[in-house]
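Before any questions on how it binds or moves, here is one chain, the form predicted on its own, in structure tokens.
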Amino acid sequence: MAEIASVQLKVGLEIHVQLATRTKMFCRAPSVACREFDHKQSEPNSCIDPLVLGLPGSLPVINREAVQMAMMVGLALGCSIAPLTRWDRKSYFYPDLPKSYQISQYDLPLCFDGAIDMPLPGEDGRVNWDDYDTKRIGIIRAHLEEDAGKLLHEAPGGLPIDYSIVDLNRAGCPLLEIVTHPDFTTADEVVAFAQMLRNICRFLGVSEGVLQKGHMRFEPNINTVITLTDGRLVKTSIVEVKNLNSFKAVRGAIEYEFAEQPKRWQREKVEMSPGSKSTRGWDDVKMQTVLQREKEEAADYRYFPDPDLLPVVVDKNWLEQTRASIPQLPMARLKRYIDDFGLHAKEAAALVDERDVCFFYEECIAAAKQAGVESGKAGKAVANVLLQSGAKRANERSAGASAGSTEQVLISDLGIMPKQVGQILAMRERGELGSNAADELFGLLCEPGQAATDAQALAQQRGMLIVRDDAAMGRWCDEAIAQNAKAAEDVKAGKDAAIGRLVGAVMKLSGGRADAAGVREALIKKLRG
């Protein structure tokens, strides 16, 4: 009997993006995906209206902003935008769908036939930004629909209950479903694409992308191609893993199915065929998928055109206005930072990894130029201070967050203002502030209540500015030489490495207020003439 010789993974991805509109897809009820929505104060079923409840006589009205946002994502993914798209009813019964149908798009999606190049991760699962290949991922479609509600098995606040709550706050929120071709061959590729898409959506401003709040949910469609020792190819049945809301879960589900599907085929001998697709959930504790149901096919949903909604016509003017509203996306910014600012690829990647950090970086560059930093130096100088002084403090605050918190503190969250960063760099360029003092001043300006503080005034108040006093410099150098006679003799003998000890001694004597470059020059002049 033929045995398994090799196994190849194939994954297509469905991504549901909650669009950050103020109201829901087809009514005026507030949307939980809105940036200003306070999840902590929202009671179950507090964001509903007759349409969400499916009450007789209630009629849907299309949210134009949701259509606009969907078009932006489609254009960013290289999709064609349909000049005419219509709405369909997808019928199925579930407790969190009061109408027993979902308004969606079936045969005429808004966005279709796209493709985007993604940086490929290396063997360690990370992209080597200094030397990486790209892979083109095909986008089958991106269509609009309304979200369903959800079932709560705990009361608000995490209190135990012996029943379930049907919460319809999420029902009716605008949802963009993006469907890729099965172009992924590793779990690392899927995670890298999911992270890239999240960043694109955040840069576009169409979603906050907070996975824990359900702003994005991932559903990988996984199967394997098995090569047997007799040369025959076997395609295992597709498994769709539903509603994954973390990159860890996406990776875990794919890796589990990659290992399990060949064993499942050996036990059951079920191959890919119409009707063989199944839906599974992910158990984050046992780290395995769990069978939920046999997957419905399109015919089971009984799609038909929604009689209450007119088609959406996208004319040329609307399309071009939408295209013009798209900001520069992360990969383009990364290349610009390398070319224009002279950043290393890894530095540029760190700055575009989070939208808010990236925007803060560019605001700091503008502030530094306004403060007098040379235009050609500002980009590199700001990157250095943010990725050193800023990243250090962001990491410290993240590590010190309350136990169990998943919130990461970003450089842009520290409290220091772009104007203050610009002032620090201007003082550094004028030779008024040493590197250690600049780092200390950055930290002081991150403290609460310092947003309106003038950086130069604070540096003056704290005695951080470099002393320009030749007499004082001479005294410090003489004292440092007397305290470190051996190092002084080495410097006299031409051993430059020994001067660091003397410079350090002078900086200590000056309380960090001397200019290190000036100190070095003064010491060499004293010891070598």
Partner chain sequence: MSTIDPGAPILDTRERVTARKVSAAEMARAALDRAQALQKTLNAFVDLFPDQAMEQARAVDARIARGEPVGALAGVPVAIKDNMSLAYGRTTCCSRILENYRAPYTATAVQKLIDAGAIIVGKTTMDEFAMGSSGEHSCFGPTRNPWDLSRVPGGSSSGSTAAVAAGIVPASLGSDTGGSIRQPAGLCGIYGLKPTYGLVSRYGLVAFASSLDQIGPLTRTVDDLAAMLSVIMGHDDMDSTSATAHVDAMRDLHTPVDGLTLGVPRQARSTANTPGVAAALEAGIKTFRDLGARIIDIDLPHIDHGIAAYYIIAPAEASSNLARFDGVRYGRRAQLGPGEDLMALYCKSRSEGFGPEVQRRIMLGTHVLSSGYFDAYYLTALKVRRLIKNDYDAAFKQGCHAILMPSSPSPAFTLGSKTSDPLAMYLEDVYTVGVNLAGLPGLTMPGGFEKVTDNGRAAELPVGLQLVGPALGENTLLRIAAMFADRTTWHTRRPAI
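Positions refer to the first chain, counted from 1. Everything quoted here is computed from the prediction, not taken from an experiment. Take the two forms, find the largest set of C-alpha atoms that superpose within 1.5 Å, and that set is the rigid core.
This next part talks about the form predicted in complex with its partner chain, which is not shown.
In the model of the complex, P98 approaches its partner chain with a heavy atom inside 4.5 Å.
Its partner chain in the model of the complex is approached by R302, whose closest heavy atom lies within 4.5 angstroms of it. Although the partner is absent here, A493 sits far enough away that none of its heavy atoms falls within 4.5 Å of its partner chain in the model of the complex.
A residue is said to contact a partner when one of its heavy atoms sits within 4.5 Å of a partner heavy atom; A194 fails this definition for its partner chain in the model of the complex, lying far away. Exactly one of the stretches 47-55, 66-74, 495-503, 471-479 approaches its partner chain in the model of the complex with heavy atoms within 4.5 Å, and it is 47-55. In terms of contact with its partner chain in the model of the complex, the residue from E320, E268, D133, D308 that brings a heavy atom within 4.5 Å is D308.
Shown without its partner, this chain lists K235, K369, R89, R141 as candidates; in the model of the complex, only R89 has a non-hydrogen atom within 4.5 angstroms of its partner chain. Residues of 489-523 are not found to place any heavy atom within 4.5 Å of its partner chain in the model of the complex.
Put the two forms on the same core and the Cα of R126 is off by less than 2 Å between the shown form and the other one. With the core superposed, H153 shows a C-alpha displacement of at least 2 Å between the shown form and the other one.
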